[in-house]
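Read the single chain below, which is given as C-alpha cells and is the form predicted alone.
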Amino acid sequence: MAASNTQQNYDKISELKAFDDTKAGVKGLIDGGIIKVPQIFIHPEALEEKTTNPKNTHFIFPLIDLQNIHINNKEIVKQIQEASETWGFFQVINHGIPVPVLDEMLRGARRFHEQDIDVKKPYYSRDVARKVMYNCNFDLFSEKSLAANWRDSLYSVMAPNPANPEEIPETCREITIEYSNYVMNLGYTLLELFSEGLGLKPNHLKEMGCAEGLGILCNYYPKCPQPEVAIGTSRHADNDFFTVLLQDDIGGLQVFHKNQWVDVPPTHGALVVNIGDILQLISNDKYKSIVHRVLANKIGPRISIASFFSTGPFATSRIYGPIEELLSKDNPPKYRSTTMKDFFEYSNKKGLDGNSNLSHYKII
C-alpha cells in the first residue's frame, strides 16, 4: 500500500521539470550530496536485472588489429564482416589515432563536465538545431521513456557544417577538433572495410553519404549511490550508420549477445565500433545493429566519447533503403525505404524506450 501511495503522490513531469530547470545534470545531484537515487532515475531495467552475468567469460569480444591494413586487407575485411554479422560490435587497435590524443579527449570531456555549473549553464539546451549543447538525457521528457538515465552529455556537430570553434567549450575545444579529424579518417577506412565485407566496391558506402555527418557526444556518468536501481544508458541500438566509441578504464558498457548481456572490456588505446540501425537497414540485415546499454556504477565518473556517423543535415531528405546490389529473388528487401529526416524524427520522438527503431520500417 505504501508503494501505491508513493506512486500516487509522485508527479513525474513536475519532478523532471524541476530537475531540468537546475541545468546541473546528474553531477549536480552528486555535488549536492544525495545518498538516494531520485525516483525519476529509478529504472525498471535495473530492477529486473541486477547481475552482469559472471558466466559470460567464454565469449571472446572481437578485437581487430588494423595494422598493415593494405597487406592484411582480406583478413581484416573477413574479421570485420564476421563481427558485424554476429556481434554488431568489435574493438579496433592500431587504428591510426595516437593514444595521447585519445587520453586527452577523455580528459577534455571530464574538464568540461567538472566545471562550475555557472560556466556550463549557457550550453544547456534541448534545441536540436543547436550545434553544441549540453544536457541530461535528450529524451528526458519523452512519454515513452521509462526513466531518466544516470548520465550528462555534451554534443557537438563536427561535420559537414561543423560548429564554429568558439561555440565549443574552451575546456575541450582544441582536442575535440583534433580528435574529430582523426576519427573522420578512421570512419572512411571503416566504411571501405564495411563495403568490401558486403561484396561491394570499397567506396560504395562512402558515396552513399554514410560519413557526411559526424556528431561527437561526450558522456559523463557520475558515481551512483544506488547502481542497483539506476541505468547509465538504457538498452538501445544507435540510429546512425555506425558509431566509434572511446571509453575510459572503468567499464560498464554491455552488449546483448546470444540472449545475454556481455561486458565490453575496456582496453586502453582501443576503440569500440558498432553497427547502427541505418547500416542494418541498407545492408538488408546482413550487418546487425545490436542492443547495448551502460550500467550505473558506484565508481566514477565514467567518461566515454561516442562519434556518430550519419548524413549531413542537408541530406536528411535523401532516401535510404536496402542496397539493390545485395537484393535477389532469395533475398528480397526486408525494410521499406525512408528518409533520414523521417528516421531521426521517429527515433528521437520514441526515445530510449527499449524497443527497436527498425521494427517501424520492417516489411511484414
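We number the residues from 1 along the sequence you see. What you see is a predicted model; the values in this text were computed from it and never measured.
The same protein has a further form, the form predicted in complex with ligand OGA, not shown here; the description that follows concerns it.
**Q** Using heavy atoms only and a 4.5 Å cut-off, determine which of 106, 253, 76, 271 is in contact with ligand OGA in the predicted bound form.
**A** Flagged contact: 253.
**Q** Can you pick the one in 335, 320, 61, 308 that has a heavy atom within 4.5 Å of ligand OGA in the predicted bound form?
**A** Answer to the contact question: 308.
**Q** Report yes if all three of 191, 212 and 282 come within 4.5 Å of ligand OGA in the predicted bound form by some heavy atom, otherwise no.
**A** Zero of three within 4.5 Å in the predicted bound form.
**Q** Can you tell me whether residue 238 touches ligand OGA? I mean in the predicted bound form, with a 4.5 angstroms heavy atom cut-off.
**A** Yes, residue 238 sits close enough to ligand OGA in the predicted bound form that at least one of its heavy atoms falls within 4.5 Å.
**Q** Taking ligand OGA as it sits in the predicted bound form, is residue 117 in contact with it (heavy atom to heavy atom, 4.5 Å or less)?
**A** Residue-level check for residue 117: no, no contact with ligand OGA.
**Q** Determine whether any heavy atom of residue 221 comes within 4.5 Å of a heavy atom of ligand OGA in the predicted bound form, and answer yes or no.
**A** Residue-level check for residue 221: yes, a contact with ligand OGA.
**Q** Does any heavy atom of residue 217 come within 4.5 Å of a heavy atom of ligand OGA in the predicted bound form?
**A** Close contact exists here: in the predicted bound form, residue 217 approaches ligand OGA to within 4.5 Å, heavy atoms only.
**Q** Can you say which of 238-246, 154-162, 90-98, 194-202 gets within 4.5 Å of ligand OGA in the predicted bound form, counting heavy atoms only?
**A** Contact criterion met by 238-246 only.
**Q** Even though the chain is shown alone, can you say which residues of 269-297 have a heavy atom within 4.5 Å of ligand OGA in the predicted bound form?
**A** 292, 294 sit within 4.5 Å of the partner.
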